[in-house]
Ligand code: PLP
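A single chain, nothing else alongside it, follows as structure tokens in the form predicted alone.
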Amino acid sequence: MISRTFFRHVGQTSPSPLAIEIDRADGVFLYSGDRRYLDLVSGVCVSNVGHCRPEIVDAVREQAGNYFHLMVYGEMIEAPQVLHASLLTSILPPSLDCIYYVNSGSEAVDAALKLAKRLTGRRRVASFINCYHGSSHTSLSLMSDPDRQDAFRPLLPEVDHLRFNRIEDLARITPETACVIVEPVQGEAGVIVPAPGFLEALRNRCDSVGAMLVFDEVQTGFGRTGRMFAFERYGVVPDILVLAKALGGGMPLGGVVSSKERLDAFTCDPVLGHITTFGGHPVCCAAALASLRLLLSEPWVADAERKGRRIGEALSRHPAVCGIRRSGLLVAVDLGRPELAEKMLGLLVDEGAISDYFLYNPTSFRIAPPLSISDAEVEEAVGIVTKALDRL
């Protein structure tokens, strides 16, 4: 009955969703009836600390008992926001000392672009081919895929698409460019890491023409690549940092991080330069605070590189695997042909694991389990994936 209602009354994003009814989730596992699935997606890098961590459940319950929404964002002093913002900015560079809370990654991208235009007085924006920054009208405009864009035109004008890892393309960043937005590791392109020196060259080019550098760490943030933030791996600090997904510890939360001076631009000329009703919801911020405390106290972030390397090395030996691209526990397993990658997702479900595809790399499937995955569970994941590969 509930499955029929799902298809009848819940809006769908594709003609063939997984449609597995989940009864409960715990750690790295999802449960449906008498079946258990190893979660190799983490809700697309949301559940970095695992499912139903007691610390987060307790924080949500406690805050729900105090108060939910009070007033539009920014009007009331709410302890969960303040405590989380203080802890988050304490682990970021001094130039990233203030956060503006929103509800999602797409919202955060929209706000970041508005902030860059407000600060520079410029209109042009640059992004990268095969980027993914969300699905709102503005973030859709940043993408380079006309098949996804054409049905929704006209889109945001004056967007330049550069090629990732091509330093010669950086010359297209000019004194007319308000900002360049980039994923320090391209996610939906199939885990494309920056070439040595590329992000440094991008930083230098933005500085030379006065453009803002925006890092989208919606997917890579909070330990996914083996550092708390991917930009730490490359020694390049953005002017604006976009966060979401794992930020909320499983609750919906996004954020734009920059300096207090820059974010104060939203307060004048015009007043309410950016506003949101539910951004920084106190229950979401309570979950975010508990999640961040976990990530700072557990060894999961430091272990992500080692665990990801184990998965990559084990699977790379399988004859069906053409290649592995990886950054920490964000892994793309390339099978060489789209039909094999598509088949693999169904085989994994049969074997007891949930994976996903990449929007712009149809020959690969994704492995991105919660960072809390144990060494024994890593070996279980390798065994499940290997069994599925054997059936290709």
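Note that the structure is a prediction, hence the values are computed from the model and not measured. A residue's number is simply how far along the shown sequence it sits, counting from 1.
One more form of this protein should be noted, the form predicted together with pyridoxal-5'-phosphate (PLP), which is absent from this view; the next part is about it.
Interface residue remark: Ser291 is not counted as part of the site for pyridoxal-5'-phosphate (PLP) in the model of the complex, having no heavy atom within 4.5 Å. By the criterion of a heavy atom within 4.5 Å, Tyr132 is counted among the residues contacting pyridoxal-5'-phosphate (PLP) in the model of the complex. Although the partner is absent here, Lys245 lies within 4.5 Å of pyridoxal-5'-phosphate (PLP) in the model of the complex, judged by heavy atoms. Contact annotation for Glu183: at least one heavy atom lies within 4.5 Å of pyridoxal-5'-phosphate (PLP) in the model of the complex. Shown alone, this chain has one stretch from 120 to 128, 72 to 80, 192 to 200, 133 to 141 that lies within 4.5 Å of pyridoxal-5'-phosphate (PLP) in the model of the complex by heavy atoms: 133 to 141. Note on the partner interface in the model of the complex: the residue among Val102, Ala230, Val218, Cys179 having a heavy atom within 4.5 angstroms of pyridoxal-5'-phosphate (PLP) is Val218.
Comment: pyridoxal-5'-phosphate (PLP) is not present in this chain, but in the model of the complex one of Asn165, Thr276, Ser95, Ser106 has a heavy atom within 4.5 Å of it, namely Ser106. Along 314 to 343, a non-hydrogen atom within 4.5 Å of pyridoxal-5'-phosphate (PLP) in the model of the complex is carried by no residue at all.
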